[in-house]
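Below you will find one chain, with nothing else, as structure tokens; this is the form predicted alone, and questions on how it binds or moves follow later.
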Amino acid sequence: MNGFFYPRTATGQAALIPPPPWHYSGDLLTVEYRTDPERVRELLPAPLELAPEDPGAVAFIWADWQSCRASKEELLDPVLSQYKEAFVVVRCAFQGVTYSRCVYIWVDKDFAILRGMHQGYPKKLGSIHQTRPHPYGPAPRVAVGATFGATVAAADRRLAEAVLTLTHESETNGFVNSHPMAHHRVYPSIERGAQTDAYSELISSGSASFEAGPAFAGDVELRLFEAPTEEVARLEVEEIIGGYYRQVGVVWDGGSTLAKLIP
């Protein structure tokens, strides 16, 4: 049987995702803020702990992506390359090292969900939109004075919205999502009533290469909303740290196991 992930077939042509490396080009709108560190702690399963510095810092990030394999063939069949996502990142610590961790994420394509299963991202389907820059017409340019909006909804409920106005260039597009990721990859047991997962490991991964345009910071507003099947509003906004916008290019090519959690 052939194919990197489901479904595996004789030819492998039906596989939903190709093997890494995966290449990404995207526009990122980031809002960083502080919440109650205890709300972060409750999202950190063992063996992770709160980050030693600024443990309540959160990044809410919107991304408009084009992605492909090294041959770039998906770029010429855009339904296979274009997708959007919104995700929430906190920081944590493991054995004295600080990591970033995605605790919530919504995407609008099935191939992005399956990539998330491989990478340990807790991806769900959602409706994600953000203002796209363009050098002509009414769309904003990526420059001081531009204003961008972003929204995310799931199961017909709006979960968050943000408005960012760029005021100056920045050395970075934030600090919360600047570390290698620490994620759990889990697979529940098939046996009814089982108390443990059949498979569980703590992994770390990051970009194999990264390039980016200038980063901009600005004035930002962020609102979170309650929903019956979501919990992101528990990470309530207590203090805005900053808002950022940057266009990036990233290559992802695997990670490493930090701890096997099932013998």
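No experiment lies behind these values; they were computed from the predicted model shown. Throughout, we count residues from 1 along the sequence that is shown.
The protein also exists as the form predicted in complex with another copy of the chain; that form is not presented, and the subsequent description refers to it.
Undergrad: Since only the chain is shown here, I'm wondering whether residue 143 would be in contact with another copy of the chain in the model of the complex (any heavy atom pair within 4.5 Å).
TA: Close contact is absent here: in the model of the complex, residue 143 is far from another copy of the chain, nothing within 4.5 Å, heavy atoms only.
Undergrad: Would you check, heavy atoms only and a 4.5 Å threshold, whether residue 150 touches another copy of the chain in the model of the complex?
TA: Yes - in the model of the complex, heavy atoms of residue 150 and another copy of the chain come within 4.5 Å of each other.
Undergrad: Mark residue 14 yes when one of its heavy atoms lies within 4.5 Å of a heavy atom of another copy of the chain in the model of the complex, and no otherwise.
TA: Yes, residue 14 lies within 4.5 Å of another copy of the chain in the model of the complex.
Undergrad: Heavy atom to heavy atom, is residue 63 within 4.5 Å of another copy of the chain in the model of the complex?
TA: No, residue 63 sits far enough from another copy of the chain in the model of the complex that none of its heavy atoms falls within 4.5 Å.
Undergrad: Are there residues in 212 to 246 with a heavy atom within 4.5 Å of another copy of the chain in the model of the complex, and which are they, in order?
TA: If the 4.5 Å heavy-atom criterion is applied to another copy of the chain in the model of the complex, 212 to 246 yields 212, 213, 214, 227, 228, 229, 230, 231.
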